[in-house]
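One chain is shown next in structure tokens, namely the form predicted alone.
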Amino acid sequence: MTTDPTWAALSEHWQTLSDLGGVNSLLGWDQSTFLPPAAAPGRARQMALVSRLQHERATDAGYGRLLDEAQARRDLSPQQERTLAVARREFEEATRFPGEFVAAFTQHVGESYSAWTQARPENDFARMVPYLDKTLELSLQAAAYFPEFSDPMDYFIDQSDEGMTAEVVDGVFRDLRAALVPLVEAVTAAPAPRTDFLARAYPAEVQLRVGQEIALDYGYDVSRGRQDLTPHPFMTRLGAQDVRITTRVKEHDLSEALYSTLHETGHALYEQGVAGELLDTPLGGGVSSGVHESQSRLWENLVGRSRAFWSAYFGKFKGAFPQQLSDVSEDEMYRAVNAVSRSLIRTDADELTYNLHVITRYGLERELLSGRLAVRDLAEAWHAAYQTNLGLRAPDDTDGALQDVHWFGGGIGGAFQGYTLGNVLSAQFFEAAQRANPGVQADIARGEFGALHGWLRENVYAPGRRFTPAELIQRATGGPLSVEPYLRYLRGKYGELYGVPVN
């Protein structure tokens, strides 16, 4: 059917949609990296214009007729059937949104993001209240276009994690919380490892060079990407062969740039690994937020914070920073980058406490969407929730409700659960990879990642969206989503590190 005129017309349409999306991503990438401050209002208009053009193409009646014609065929391959199913889902979703609404939402998000970049360093939550009020209004309006979802959160979760519901996410959170709270308590009561050397002065340019070298070792292809600096690290696809990452660096924090780079590299490996035949089609990207996040967490934590990783790379770091690390051993470095402590910043949180940050944000989103929490009260509600969940209170709103970009550079709802789903799936995929390649840990200790990357590319990356998230997980790991591999990993690792009993 690939030579059929209908399919050819669809392919051309998908290419145009992909190109328009790439243009908008390019504008967003520039907004977050190199855009002069005075150019922000004009950039918001440009992004709104491109979004409107993209929406017009995505909702074109002629496109709908092409989908009807293609889906009526009886000679479709399974891949074509899935391609059309994903395209149909996206078409029906897009056609419910009026173009004016899409343009207004996009322009508002651009303006909100620009305001946040100034309000956060100035600790000015009050400045963001009218922006967030409008964001909440627009988010609820978006969910209202899909009345089949009785709970707005179900709609938002399904958008990023197809097939997931708030009930499923609540169950995952419940199981994790029950298991992790006592482990966190035991670990934080044990003697803390030495970490003082991580705060010594490490030249930014050297940190960035070393981090990028490791990203290349992992398999990141800089002929199809690049790395730049930004306030909030991210990965973005600007075209079929253009997958970029960003990072941030602090001269007195050796781990910031390294783990930001490794995290975004994991996302980029996924996008660069999608089969070429799927690019610029509805199947040409990551299958869900949770599966995508599993790859960033896998390469950042299960690989990058492992004892095997530091066996391979401690010498490189000592060579790059001979004075700063002159009195530090490999074991001390491994323990330092896995130090556990209750903290205020989600992106800086360790593996054991990280999900408590996600649970806090998810709970606040639920409250905002239900109307039980007003935006004007969000800052104080944030502080109260952190006191309950982590026993901490931020000294200001900069590290409180202004901390994350998500609500200020996007909508409210469904933004955070993917992080916890990703944590869970990272261990599940890693266990499956080790079953297929028992020498993975030994490979990592030699700085060799071909077998691991190859297994992930074949089983997770290359399929793109050919399968639903649930189908992909089942095919790759032999079972459905499960918290048990993640809990085995955390209990084994931190039980050994801190010498505490685990259940």
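Quick note: we count residues from 1 along the sequence shown, nothing fancier. Worth saying up front: this structure is predicted, and the values here are computed from it rather than measured.
Missing here is the form predicted in complex with a further copy of the same chain; even so, the following discussion is about that form.
**Student:** Pick from 151, 332, 242, 133: which has a non-hydrogen atom within 4.5 Å of a further copy of the same chain in the model of the complex?
**Tutor:** None of the others qualify; the residue that does is 242.
**Student:** Counting non-hydrogen atoms within 4.5 angstroms of a further copy of the same chain in the model of the complex, say which of 72, 144, 178, 222 makes the cut.
**Tutor:** Only one listed residue qualifies here, and that residue is 222.
**Student:** Would residue 27 sit within 4.5 Å of a further copy of the same chain in the model of the complex, counting heavy atoms only?
**Tutor:** Residue 27: contacts a further copy of the same chain in the model of the complex.
**Student:** At 4.5 Å between heavy atoms, is residue 66 in contact with a further copy of the same chain in the model of the complex?
**Tutor:** Residue-level check for residue 66: no, no contact with a further copy of the same chain.
**Student:** Although the partner isn't part of this model, could you tell me whether residue 280 comes within 4.5 Å of a further copy of the same chain in the model of the complex, counting any heavy atom of the residue?
**Tutor:** Yes, contact at 4.5 Å.
**Student:** Is there a heavy atom of residue 475 no more than 4.5 Å from a heavy atom of a further copy of the same chain in the model of the complex?
**Tutor:** No, residue 475 sits far enough from a further copy of the same chain in the model of the complex that none of its heavy atoms falls within 4.5 Å.
**Student:** So if I measure heavy atom distances to a further copy of the same chain in the model of the complex, which of the stretches 463-471, 58-66, 38-46, 442-450 falls within 4.5 Å?
**Tutor:** The contacting stretch is 38-46.
**Student:** Using a 4.5 Å heavy atom cut-off, are 314, 437 and 457 all in contact with a further copy of the same chain in the model of the complex?
**Tutor:** Per the other structure, none of 314, 437 and 457 touch a further copy of the same chain.
**Student:** Are there residues in 5-35 with a heavy atom within 4.5 Å of a further copy of the same chain in the model of the complex, and which are they, in order?
**Tutor:** Contacts from 5-35: 15, 16, 19, 20, 22, 23, 26, 27, 29, 30, 34, 35.
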